[in-house]
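Heads up, the chain below is alone and in the form predicted alone; it's given as C-alpha cells.
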C-alpha cells in the first residue's frame, strides 16, 4: 500500500475515530486503526468491539491496500510534522514508512486479518434527522442517565421512534429528562432502542450543527451515518421502564423563572453544600423564590430570585446539581416550574417539547 495525504486531513480523520480506541491493557489489535486505501479515498476504522467508528478522507492512492497501525502513535507523529504533504508506504509485513519533508518514521503494524469486522451502513429502515437537532436532543437528556452499573438499562438514552416522533429519555430513578422531535417514518418502522452512554458521548463529539444524519436500526445495534463519518454501537439489551408513569399528570401551581438568574443563584448557594450534605430548599412565595441550604461544619447560604407566581407558598428540597443540570443544557430565557406541594415530583419545562421530572429529597 502506498499513498500521499495532506497532514491536516489525515490528522482530522485520526482524531475523529481515535476516542473509540480502548485504553492500555486492551487487546493489541484494538489499539490499532484499520487503514484502507483505494483510489483517491482512505478509510480509517477503529473499534472496541462495542462501538466502531469509521471515516473517509481524500488521498492520492498509488497502491491499493490495507493495514492496521497503532492510532495514538500515528496521530502523535502526524501532529508534530511541519510539512503539509505526507507520503506513507506499507510493506507486506505491515511495516509503514512515513516521510514528510526531512522527517522519517518507521511504524510496525499488525495484519488486517486480526481486525474485528464492523457493521455496514444498512438496516431494515433508515431514519433521517438533522445532525444539529439530534445533538441537541442528546444534550438535553444524556446528563440524567444513570451511572449505576447494576441498573444496566438506565446506563444510556432511550430512543423511541413512535407516532412520527423521536422521543429521547434518560433517567437515573431520581430525575428524568425527556425531549421530542417530529420526524417521518412508516408505521411498521416504530421501535425503541437504548443507546449506551459511551456512544452518546461519541455522537455529541462528532455531530455537526447541520447536515443530514441517517440512523440504521439493526439487530442489537444501531449505525449512524453523518457525511464521511460512520459510528456504530451495540445497544443495551433489556426493557426500558415505563417512564410515562413517573410524569405527573397535572400540577396545580406554575412558576415562571428567568433561567440564567435561577442557575446563578443555585450555583452561589451550592458553594456551601458537600457531597454528603447537598439538600437545598426552594421556597416559592408571592413573586419570589428563596433558595437556602444549611450544611453542618460548613455553614449556610441563602439567595432570592424574582419569579412570576401568585399561588400558595410551597417549600421543596432538591439536590441543587439535579436542578442545575437541565438549566445548563437548555437555551430558553425562561423556564417553568410546575408542582403540587413539597413532597410530590416537580416538573421543569421550557418552550421546547422538553420536560424534566425531579423527585424531591425527604429530610428527617
Partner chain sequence: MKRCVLHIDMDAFFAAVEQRDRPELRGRPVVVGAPPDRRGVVSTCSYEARVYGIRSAMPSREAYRRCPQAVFLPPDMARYEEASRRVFAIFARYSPLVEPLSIDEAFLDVTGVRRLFGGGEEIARRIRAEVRAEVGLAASIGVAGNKFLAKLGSERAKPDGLFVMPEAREEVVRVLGALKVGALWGVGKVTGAALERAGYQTVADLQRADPAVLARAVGECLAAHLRALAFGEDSREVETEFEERSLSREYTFPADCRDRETVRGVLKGLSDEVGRRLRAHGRFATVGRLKLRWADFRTITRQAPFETAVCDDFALRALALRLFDAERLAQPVRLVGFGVSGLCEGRREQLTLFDDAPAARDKRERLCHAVDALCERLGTGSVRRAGEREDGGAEP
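As the structure is a prediction and not an experimental result, all values here were calculated from the model. Numbering follows the first chain given and starts at 1.
Although not depicted, the form predicted together with the partner chain is the subject of the following passage.
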Just one of 165-173, 126-134, 229-237, 189-197 has heavy atoms within 4.5 Å of the partner chain in the model of the complex; which? 165-173
Heavy atom to heavy atom, is residue 256 within 4.5 Å of the partner chain in the model of the complex? no
Taking 4.5 angstroms as the cut-off for heavy atoms, does residue 319 touch the partner chain in the model of the complex? yes
In the model of the complex, does residue 82 have a heavy atom within 4.5 Å of the partner chain? no
Residue 242: touches the partner chain in the model of the complex, heavy atom cutoff 4.5 angstroms: yes
I need to confirm a contact call. Of 279, 95, 272, 261, which residue comes within 4.5 Å of the partner chain in the model of the complex, counting heavy atoms only? 279
Along 331-350, which positions have a non-hydrogen atom within 4.5 Å of the partner chain in the model of the complex? 343
